[in-house]
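You are given structure tokens for the same protein chain in two forms, set apart as structure 1 and structure 2.
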Structure 1
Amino acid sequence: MRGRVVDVGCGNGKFVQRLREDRPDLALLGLDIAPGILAGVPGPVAVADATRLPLATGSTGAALALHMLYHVPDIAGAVRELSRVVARDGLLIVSTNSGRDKAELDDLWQRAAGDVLGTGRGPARISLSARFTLEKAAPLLGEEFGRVETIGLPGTVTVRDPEPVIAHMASYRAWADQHDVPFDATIERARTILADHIAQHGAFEVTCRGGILVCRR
């Protein structure tokens, strides 16, 4: 169906909501593997795994997979499944981060971890998007889609208060055991380093290197 758009891994539905407002002519469907997160998303929504979509072959005009493919264990399988449900003249839009995204946060983490361990520079922070970066995505998507256009969306976040940065770092708590350093102590040390940096320079800048990939056959 040309006017159907499916947002796979729609999360809290911010893009479903936005599309609903901007394009009331489209039939939107939000899908996510986590039932809880769908609670506040305006329907229709359904629980579904990106590697097993409850949609007929060629049944959707456009599919979105925004900042979600790096969470899927079988990324190539999910790309094949997205390709299956998108109509021949349809569109897949994917977003992810560059491998160099928010490098300042990686640097801050390694400095803090090094201070906690007393080793100079500590082990790297885990990167959720490393499995499917902007750089790796194009060839992978190219296996299913003949034309893949990568559009970089760079930006800079300037903070004058450590707390939003610390809250972002602390949101990785679910993966705390994958960091070879005490998680809470590293967060506390990062807060101090950041507060000192802001006191000295007036602000802390984070370079965001995200982007989207527009895929057609």
Structure 2
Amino acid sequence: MRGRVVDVGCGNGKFVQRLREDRPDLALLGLDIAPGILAGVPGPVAVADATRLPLATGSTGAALALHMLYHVPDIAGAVRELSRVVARDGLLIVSTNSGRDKAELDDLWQRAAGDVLGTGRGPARISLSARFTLEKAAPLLGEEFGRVETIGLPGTVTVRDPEPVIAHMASYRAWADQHDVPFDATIERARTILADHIAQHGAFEVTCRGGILVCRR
């Protein structure tokens, strides 16, 4: 039990693989709700819903929930289930983004959309991670775990060419369509704003604000 680590929502298994390399003494299990993504993950793995884990109560020494809880429809239910399977002296490690993560990208989008719409600033984009931000996470996790330590992991991405940012913004299309924001025109306006900014300042900087939460009883 002490040596068992469960990665809940393991995705493509990059954390499972890293642990296998660094800690071969651990018994690792990868779980994800999507069967297809598990195909390339080194076993053992299993398909599982985060709110109904196929594990006995108190059966794991540590659980990982890394950048995945904001995908779960019932976040509080998933936290309760993680608490159930983690041993009394075990721990849960969670990661997510701050509500202010990559604010420069949101500002750029609003400026570009506002220019296209003629409204000054366009509608604010609501990201999926807003459901479970670093600021919201600690109180929610604290309902099940007596000690929750938040460790910020800030960083800066420096971009000297607009295209990587524009490529990232391609993921905004579905959101733009839902809010009647002309996507292609907004993208082109964002490209122009970025090019002008980089020409003037030499680079465009994006501030990353994420972190991990270490949860114990």
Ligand SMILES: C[S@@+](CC[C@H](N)C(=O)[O-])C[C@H]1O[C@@H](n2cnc3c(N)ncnc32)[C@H](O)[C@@H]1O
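By rigid core we mean the largest C-alpha set that fits within 1.5 Å across both forms. Remember, predicted model here, so these are calculated numbers, not experimental data. When a residue number appears, read it as a position in the sequence of structure 1, where counting begins at 1.
Chemist: I need to confirm something. Of structure 1 and structure 2, which is the form predicted on its own?
Modeler: Of the two, structure 2 is the form predicted on its own.
Chemist: For residue 154, is the CA shift between structures 1 and 2 at least 2 Å following rigid-core superposition?
Modeler: Moves: no, less than 2 Å.
Chemist: After the core is matched up, is the C-alpha of residue 138 off by 2 Å or more between structures 1 and 2?
Modeler: It does not, since the residue 138 C-alpha is displaced less than 2 Å between structures 1 and 2 after the core fit.
Chemist: So that I can tell if residue 45 moves, could you say whether its C-alpha shifts by at least 2 Å between structures 1 and 2 after the core superposition?
Modeler: No, because once the rigid core is superposed, the C-alpha of residue 45 moves less than 2 Å between structures 1 and 2.
Chemist: Report, to one decimal in Å, how far the Cα of residue 174 moves between structures 1 and 2 once the rigid core is superposed.
Modeler: For residue 174, the alpha-carbon shift amounts to 5.8 Å.
Chemist: For residue 200, what C-alpha shift in Å results between structures 1 and 2 following superposition on the rigid core?
Modeler: Its C-alpha moves by 3.7 Å once the cores are overlaid.
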